[in-house]
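Here we start with a single chain on its own, the form predicted alone, put down as structure tokens.
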Amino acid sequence: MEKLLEMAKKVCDQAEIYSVDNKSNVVSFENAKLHDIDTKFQSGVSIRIIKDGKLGFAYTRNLINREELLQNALNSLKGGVSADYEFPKTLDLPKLNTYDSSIDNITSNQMVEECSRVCELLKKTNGEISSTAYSYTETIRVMNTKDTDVSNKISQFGIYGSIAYPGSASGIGRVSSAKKFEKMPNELIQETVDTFNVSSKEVTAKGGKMKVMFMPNCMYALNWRINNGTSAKSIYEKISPIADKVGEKIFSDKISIYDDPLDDKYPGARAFDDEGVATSKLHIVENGVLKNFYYDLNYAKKLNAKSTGNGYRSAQWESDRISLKPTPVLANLRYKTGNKSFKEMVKMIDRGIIIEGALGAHSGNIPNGDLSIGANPALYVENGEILGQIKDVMMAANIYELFKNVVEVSNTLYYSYSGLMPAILFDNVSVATKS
């Protein structure tokens, strides 16, 4: 990489080299039996160059021919993509505890045994049992012509256990995760079993306005819209409905949302983003009040602002990051927890549903905050008790109205598709059923 950077210095105004190496081991059980063991290694290098105010980009998964990679980046300058920003000079960063070397000693047998243990505990039901364990390590390095040379190594081990309703693709699932091998907590497994058992009966109910609890596994449907509304990209493109509302109350005062990449108690902490910019804790919404938008280098320059260290090579759907250019991303989104447990929040529902999974989260006007999803599954609650599951349930809302009607936020963060998320209970939500 050093040689590639030296070569680039000679033919362009600025250059950045980004490299990533990762390894993953995955063990999966289906119907409580071993289904697959898979190990993957991925690596790659990309280069961004700026010359005469234009951006060049190229990548390779195997850095064999530096001359060819650099020439590809030079050729891409013909695309005429403007780049008015400068790569950062990042020299001093906090040291984070992001890697536990014991993860390298985890064996497939250990992972099989843990999946088997989880499945055995989930068998206290009549559902279809699945479990997946994974270990993951990743090293990222960013270098540029401003003398930035930063790197980070992370480790992560996780376990997912789920119970599907008989003859259905939907069910109840939970995840645990750490920087090293840790067994899935028994109380989390028991919560999965208990929630499944009380909801296994199929019931019918009339739709209308009611309370709705979003569980962590489906919070991504809401976060997707929050991310869009507060992104510098949406501000620049004039598609955010809250572009002029910094300092105003947009949500319930029970809602505080922030990005905290420096919190190394959990896997995935980062002292720098994928552009080499130092990261920091960033408050997005505090007690319902909009505090900040988030920026990468490109959109910070366009909006006469400063990068907040949120430039990441990321896409909504899984993709090879080495092939992506940085864009504004809230990579470590968090919610401030509330005061009630999941069980206590259920008791607060006079009539409503609990959404454990969402279908069609990509539909609707996402930048505007519109949401229309199928609840899969939807657990029906009356007088504080889960009576069963309802099929064919739709829920529609706009998040800027939805988040004004927050009843409670759970006192626990759960691992989910979106990262660490709470459960949130909303009131006065439109729900449609077949009944």
Partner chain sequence: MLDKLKQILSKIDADYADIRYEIKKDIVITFNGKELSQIGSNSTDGYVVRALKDGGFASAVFTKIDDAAQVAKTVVENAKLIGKDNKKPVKLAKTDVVKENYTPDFIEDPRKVSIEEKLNITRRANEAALAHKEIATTNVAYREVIREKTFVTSEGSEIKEDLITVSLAGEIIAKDGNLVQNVRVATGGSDGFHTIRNPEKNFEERTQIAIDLLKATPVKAGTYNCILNPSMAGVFTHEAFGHFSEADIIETLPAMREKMKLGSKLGSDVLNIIDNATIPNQLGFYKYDDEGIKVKHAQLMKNGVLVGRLHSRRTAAEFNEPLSGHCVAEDFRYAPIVRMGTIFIEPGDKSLEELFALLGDGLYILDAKGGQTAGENFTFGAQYGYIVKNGKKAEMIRDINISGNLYKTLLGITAVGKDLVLSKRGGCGKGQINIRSCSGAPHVIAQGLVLGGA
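Positions refer to the first chain, counted from 1. This one's a predicted model, so the numbers in the text were calculated from it and none came from an experiment.
Beyond what is shown, the protein has a form predicted in complex with the partner chain; the following relates to that form.
Of the residues given (Glu248, Asp104, Asp320, Asp147), Asp320 alone sits with a heavy atom within 4.5 Å of the partner chain in the model of the complex. Here is the short version: of Ser170, Asn292, Ser252, Thr139, the single residue with a heavy atom within 4.5 Å of the partner chain in the model of the complex is Ser170.
Shown alone, this chain has one stretch from 298 to 306, 151 to 159, 329 to 337, 272 to 280 that lies within 4.5 Å of the partner chain in the model of the complex by heavy atoms: 298 to 306.
Looking at Lys3, you'd find every heavy atom of it more than 4.5 angstroms from the partner chain in the model of the complex. When contacts are judged by a 4.5 Å heavy atom cut-off, Ala432 counts as touching the partner chain in the model of the complex.
For Asn186, no non-hydrogen atom is located within 4.5 Å of the partner chain in the model of the complex, even though that partner is not displayed. For the chain shown alone, Val406 is not a contact residue for the partner chain in the model of the complex, no non-hydrogen atom being within 4.5 angstroms. Across the proposed site, Lys40, Asn109 and Met394 without exception bring a heavy atom within 4.5 Å of the partner chain in the model of the complex.
Of the residues in 336 to 370, those that come within 4.5 Å of the partner chain in the model of the complex through at least one heavy atom are, in sequence order, Ala358, Leu359, Gly360, Ala361, His362, Ser363, Gly364, Asn365, Pro367, Asn368, Asp370.
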